[in-house]
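Before any questions on binding or motion, here is one chain by itself as structure tokens, the form predicted on its own.
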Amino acid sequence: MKLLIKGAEIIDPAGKIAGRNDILVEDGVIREIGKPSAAGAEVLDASGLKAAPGLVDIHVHFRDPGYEYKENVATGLRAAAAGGFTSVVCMPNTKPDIDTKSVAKYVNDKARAAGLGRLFIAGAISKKREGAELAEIGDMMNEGIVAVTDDGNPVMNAQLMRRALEYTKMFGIPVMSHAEDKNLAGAGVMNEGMVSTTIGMRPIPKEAETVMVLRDIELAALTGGRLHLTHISSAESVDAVRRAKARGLRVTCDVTPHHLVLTDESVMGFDTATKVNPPLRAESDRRALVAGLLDGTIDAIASDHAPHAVHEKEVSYDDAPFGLVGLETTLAVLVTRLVETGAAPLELLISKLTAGPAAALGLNAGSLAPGAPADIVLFDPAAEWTVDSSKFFSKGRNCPFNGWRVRGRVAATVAAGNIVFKDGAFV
């Protein structure tokens, strides 16, 4: 099959390809960029649109198996494609946990059946994610896991975290750290600060994150292992990663869109969609995260897409589960709040949504270079629309951006050379 995408303005930070050109796709790979012949090809007119590598999200929760009423692999991949994502990495906090080859195979089989993009798996660090004994990491490698993490649960046992960093070295995959000291976090529900004091909510000090970031960086130094710190949220965490990189350690990190654009003041409306872990921080932390993007300290932006059923979130703030959905809003929210305000250039954000996450986890994704997988997103950064969570392709409705007027809309998503999403509908 051949597809010719005509007239798009290309943004490809990995391949350093830019400018208005045509893209020829054949047999699932990119063949040529320039002015290739359209002979025998389906033509997709992309005039007035930007073309970038298919977006890469290295932190999503598709809840399958076990919690399919919240999300499943098929609905998660539909949400991803609608948001311009062609590669996603699923977290292992399912039921059963993705801690064996057989569960990983189940998820992979579901993804292949959906045929909407590439799904990668992060297997569990420990059995049942209980932090007591290493999971069968070697066996899961046979099913293609790309990282290990107990995400949702921190690895409180430093010795076990050390062993994970040592053991994964032989496989060349990173350990993804959910950096949280549960003892410090306690039963808190939001960031500790003036807002939590004002509205009387149980606080979580940001030191609950920072002390574990510092611990895991030192364990990475001790072992020489690859450490990826996911959803960092504080100025201190950014500074710790910056210093780790200056030391030459194998440390990478990501940040979420909601931590880049929201603060703990958003909690004052008691919308349970703002209850996330780590919690929304102060404005000074948000600014530090943006600075970390600009200076290269932060490698990637990841949505931490975490859908819940409506009835689970329609409770008191104290009782609601942590998490929000973000796959279908990530690009637009970032364009609106960072690009349109001049806080960050569009090219940088595309890099942090493509080449950056792909490099952090070693994925063959995030590039439009000839020979690369034909995963492409076409979007209009100026197109305005209103976020309506009731119309999401995800089962999740827990979105703090619901009702926002935003700029930046996905016009089409191409996965493995096939147009899977176009003009708001699946092809």
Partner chain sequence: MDRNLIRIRTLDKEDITKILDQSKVFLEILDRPIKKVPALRGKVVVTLFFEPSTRTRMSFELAAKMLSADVLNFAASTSSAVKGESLKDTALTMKALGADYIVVRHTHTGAPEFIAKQGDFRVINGGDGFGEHPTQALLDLFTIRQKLGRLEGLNVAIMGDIAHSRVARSNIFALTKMGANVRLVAPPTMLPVNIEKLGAQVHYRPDAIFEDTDVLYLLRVQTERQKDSLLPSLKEYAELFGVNGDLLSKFKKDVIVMHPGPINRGVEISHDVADGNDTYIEEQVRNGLVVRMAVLYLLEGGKEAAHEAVN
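Residue numbers count along the first chain shown, from 1. Since we're looking at a predicted model, the values are computed, not measured.
Beyond the structure shown, there is the form predicted in complex with its partner chain, which is absent from this document and is the topic of what follows.
None of 135 to 143, 105 to 113, 195 to 203, 68 to 76 except one has non-hydrogen atoms within 4.5 angstroms of its partner chain in the predicted bound form; the exception is 195 to 203. The partner is absent here; in the predicted bound form, the one residue of 130, 166, 218, 314 having a heavy atom within 4.5 Å of its partner chain is 314. Out of the listed residues 239, 340, 319, 283, 319 is the one that sits within 4.5 Å of its partner chain in the predicted bound form by at least one heavy atom. Taking non-hydrogen atoms only, residue 270 approaches its partner chain to within 4.5 angstroms in the predicted bound form.
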